[in-house]
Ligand code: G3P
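A single chain comes next, written as structure tokens; it is the form predicted alone.
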């Protein structure tokens, strides 16, 4: 699978989120591969009529009530979201909060992808029983060097140590990056700027899909 994280990039905010999502949808249909988009929470409703799989960028382990500034699992589920990222390097959680967020997501039928910064953390956090662990070394996120070329041995170690399927991300930008990740035992990849900031997001996603 290819997961495209829109983050808060201007190129994928508001109406532009629809454009990138449509490009991802077309690429998925043309290649037959699973492509998931993760728009900002404020843009989820813009995309609910598109026939593309969506994950939330984050949910909080809270129930409806007196909570301000939180993201409810049931709210994102009602927009058509089928899963969520958790503990991304740019949105880290305390371990207790993370465990509760995984449990909350599961209660609402959401697929969970928990991000980890190293193989040891992959092992530890996979004990929370998310659906996937995503290994992303923070120093490579958003950069020009991919994790698959800079630290392939750590991807393999992450796969070996995790008790759940592993994804990888950070600098993934080419078909070769995806191929190497799959070769090392990953189920798919997380990408962001490599797609969102590409001149032609549809063609970029198609290229990445060919590496699966």
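Keep in mind that this is a model prediction, so the values were computed, not measured. Positions refer to the first chain, counted from 1.
There is another form of this protein, the form predicted together with SN-glycerol-3-phosphate (G3P), and it is not shown here; the text below is about that form.
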Report task. Tell me, yes or no, whether residue 171 is in contact with SN-glycerol-3-phosphate (G3P) in the predicted complex, where a contact means a heavy atom of each within 4.5 Å. Result -> yes
Query raised in the report: Taking heavy atoms only, is residue 7 within 4.5 angstroms of SN-glycerol-3-phosphate (G3P) in the predicted complex?
Result: yes
Query - Close approach of residue 73 to SN-glycerol-3-phosphate (G3P) in the predicted complex, 4.5 Å, heavy atom - result: no
Query raised in the report: Is there any non-hydrogen atom of residue 192 lying within 4.5 Å of SN-glycerol-3-phosphate (G3P) in the predicted complex?
Result: yes
Query raised in the report: What is the one choice in 102, 140, 93, 116 with a heavy atom within 4.5 Å of SN-glycerol-3-phosphate (G3P) in the predicted complex?
Result: 140
**Report entry** Which of 118 to 126, 103 to 111, 76 to 84, 132 to 140 sits within 4.5 Å of SN-glycerol-3-phosphate (G3P) in the predicted complex, heavy atom basis
**Finding:** 132 to 140
